[in-house]
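Just the one chain here, laid out as structure tokens, in the form predicted alone.
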């Protein structure tokens, strides 16, 4: 029996890309899912697809920049299933642009989603995990946090913050909790180039179509971390296309 079978797992950014692929993978392994995303129609489609295949899932409309939305996500897990075993913080935005374009609203959105959103998830799930004595944070970062390339500096900075926050959380977690950072490289998702400046979007979309790996590769990495036996904490997984420098 897999250790992830029957676990209650909440996933943000679950309506497409890595979040959707992770939801489908874990549902197929018998996990009970609480899926959060902003786009209700897309979220419902993912939930319906999982249910049609015999899986167990419920959707909650969530904007991770709002504390109340993350609390509603964790509360739904408790109300529906009586516990929460894993929170996968996956919601993201990649509205990259050169600094000279001064797209400060996009900078704010990346900080709010990747940093504030991650902290909101911790704020909602940590008390639950403490009461249970067990719990697992899986935080999705990026290889951009390791290799900064123009015009991705702000995006890279927010993903570097994911690493710092996760390591600090790990050090404070104690023996009952686990913290994993999953750092994907170029992944074929609709979010690549979305909201970016036109030039940046074109370059990123072109590279995505040439070398990107499928979201299922990242989902497998997340599933691997979750499936480890109690007492084993996978600190970080870096997964990238072989063609990525």
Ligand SMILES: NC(=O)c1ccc[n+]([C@@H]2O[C@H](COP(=O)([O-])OP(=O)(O)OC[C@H]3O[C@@H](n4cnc5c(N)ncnc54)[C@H](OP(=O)(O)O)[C@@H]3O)[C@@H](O)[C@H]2O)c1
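Residue numbers count along the first chain shown, from 1. What you are looking at is a predicted structure, and each value in this text was computed from that prediction instead of being measured.
The following text describes the form predicted together with the ligand, which does not appear among the structures shown.
Asks: Please pick, from 91, 84, 73, 96, the one residue with any non-hydrogen atom lying within 4.5 angstroms of the ligand in the predicted bound form.
Replies: Looking at 91, 84, 73, 96 one by one, just 91 meets the 4.5 Å heavy-atom criterion.
Asks: Heavy atom within 4.5 Å of the ligand in the predicted bound form: which of 216, 56, 65, 197?
Replies: By the 4.5 Å criterion, the partner-contacting residue is 65.
Asks: With a cut-off of 4.5 Å between heavy atoms, is residue 137 one of the residues that contacts the ligand in the predicted bound form?
Replies: Residue-level check for residue 137: no, no contact with the ligand.
Asks: Are any of the heavy atoms in residue 129 no more than 4.5 Å from a heavy atom of the ligand in the predicted bound form?
Replies: Contact with the ligand, no.
Asks: Find out whether any non-hydrogen atom of residue 18 is located within 4.5 angstroms of the ligand in the predicted bound form, and reply yes or no.
Replies: Taking the distances in the predicted bound form, the answer for residue 18 is yes, it comes within 4.5 Å of the ligand.
Asks: I'd like to check something about residue 201: if you look in the predicted bound form, is any of its heavy atoms closer than or equal to 4.5 Å to a heavy atom of the ligand?
Replies: Although the ligand is absent here, residue 201 would stay clear of it in the predicted bound form, with no heavy atoms inside 4.5 Å.
Asks: Looking at the ligand in the predicted bound form, is some heavy atom of each of 142, 189 and 192 within 4.5 Å of it?
Replies: Every residue of the spot touches the ligand in the predicted bound form.
Asks: Partner absent here, but in the predicted bound form, which of 164-172, 107-115, 120-128, 75-83 has residues with a heavy atom within 4.5 Å of the ligand?
Replies: Careful reading of the contacts points to 107-115.
Asks: If we check the ligand in the predicted bound form, which of the residues in 149-182 reach within 4.5 angstroms of it by a non-hydrogen atom?
Replies: Stretch hits, in order: 155, 159.
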